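As structure tokens, one chain now follows by itself in the form predicted alone.
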Amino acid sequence: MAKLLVDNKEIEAKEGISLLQACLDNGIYIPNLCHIHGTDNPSASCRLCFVEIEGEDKPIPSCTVKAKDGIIVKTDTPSVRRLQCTAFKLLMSVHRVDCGHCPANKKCELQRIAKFLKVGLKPKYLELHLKETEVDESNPFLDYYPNRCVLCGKCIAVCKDKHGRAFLTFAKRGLDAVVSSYGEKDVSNLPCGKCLACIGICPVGAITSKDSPHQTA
């Protein structure tokens, strides 16, 4: 076991797991959206889990660092919070805030992060950039809401883990990026109807079942 000092508190963690997981396992919350417990290849796409590590010249994503004996970590410095708040506000500038009609309401990771960082879900001074399509109903089993999606990639990762390959993928680029089953010649043969793991892992209710549209994690 590795012994780490996090925010002046000594914690123990299995050496080799991510620093983010070590902190979460010890009750130290670090904002995150794309983290999946036990993953060896973090996507580090949400840019929220920054920490400061003694010896490093700038904050780094804690999901990309392995827990090592003796490292000294700070999760709550002005520079860390500044980076997290900026990343969160940019994320919310492309997000449809309609909590009352969202199945993830009151268990949404965005709500948790906003409360933790003490920032609003509707950032001021940032133009809202939403996609024209509110709901993609092309999949015979799932409905996908692009303006809820945070592009964390969890649904793609869990799909690959469950089936050996991902039946979901990222499509398009930049502000137009979405999760899609594009490329499948016959979407009716997708295993989605019996699986629904993507719904369970989505942190924001962006994917729902056609049979139960309010279903979420």
Partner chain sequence: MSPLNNETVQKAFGVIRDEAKRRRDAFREEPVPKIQIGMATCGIASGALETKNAFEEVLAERKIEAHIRTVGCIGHCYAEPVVIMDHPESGFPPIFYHNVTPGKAKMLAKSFLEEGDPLFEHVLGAMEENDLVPQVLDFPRFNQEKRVVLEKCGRVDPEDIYEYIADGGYETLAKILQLAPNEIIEEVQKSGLRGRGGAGFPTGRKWDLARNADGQHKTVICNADEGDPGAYMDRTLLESNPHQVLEGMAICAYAVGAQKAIVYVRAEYPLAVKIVTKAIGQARELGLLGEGVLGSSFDLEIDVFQGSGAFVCGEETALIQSIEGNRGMPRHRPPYPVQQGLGGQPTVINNVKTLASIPPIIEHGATWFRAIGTEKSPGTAIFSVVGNIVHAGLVEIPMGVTLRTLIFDICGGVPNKKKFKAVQIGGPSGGCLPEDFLDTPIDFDSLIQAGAMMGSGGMVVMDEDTCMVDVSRYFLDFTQKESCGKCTFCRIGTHHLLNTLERITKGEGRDGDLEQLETLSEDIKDGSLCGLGKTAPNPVLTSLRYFRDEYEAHVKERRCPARMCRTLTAFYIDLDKCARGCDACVGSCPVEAIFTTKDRKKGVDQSLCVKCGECMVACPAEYDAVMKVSPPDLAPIIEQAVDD
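Predicted model only: the values in this text are computed from it and were never measured. Positions refer to the first chain, counted from 1.
Form predicted together with the partner chain: not shown, discussed below.
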*Any chance all of Tyr29, Ile72 and Ala114 sit within 4.5 Å of the partner chain in the predicted complex, going by non-hydrogen atoms?*
no
_Since only the chain is shown here, I'm wondering whether Gly174 would be in contact with the partner chain in the predicted complex (any heavy atom pair within 4.5 Å)._
yes
*Considering only heavy atoms, tell me if Lys107 and the partner chain come within 4.5 Å of each other in the predicted complex.*
no
*Should Cys155 be classed as touching the partner chain in the predicted complex when contacts are defined as heavy atoms within 4.5 Å?*
no
_Contact flag, Phe167 vs the partner chain in the predicted complex, heavy atom cut 4.5 Å_ = no
*One residue of Leu90, Val135, Leu121, Cys99 in contact with the partner chain, assessed in the predicted complex (non-hydrogen atom, 4.5 angstroms)*: Leu90
*asked:* Only one of Leu190, Ile53, Ile36, Ala44 gets a heavy atom within 4.5 Å of the partner chain in the predicted complex. Which one?
replied: Ala44
*Who in 68-84 is close to the partner chain in the predicted complex, meaning a heavy atom within 4.5 Å?*
Arg82, Leu83
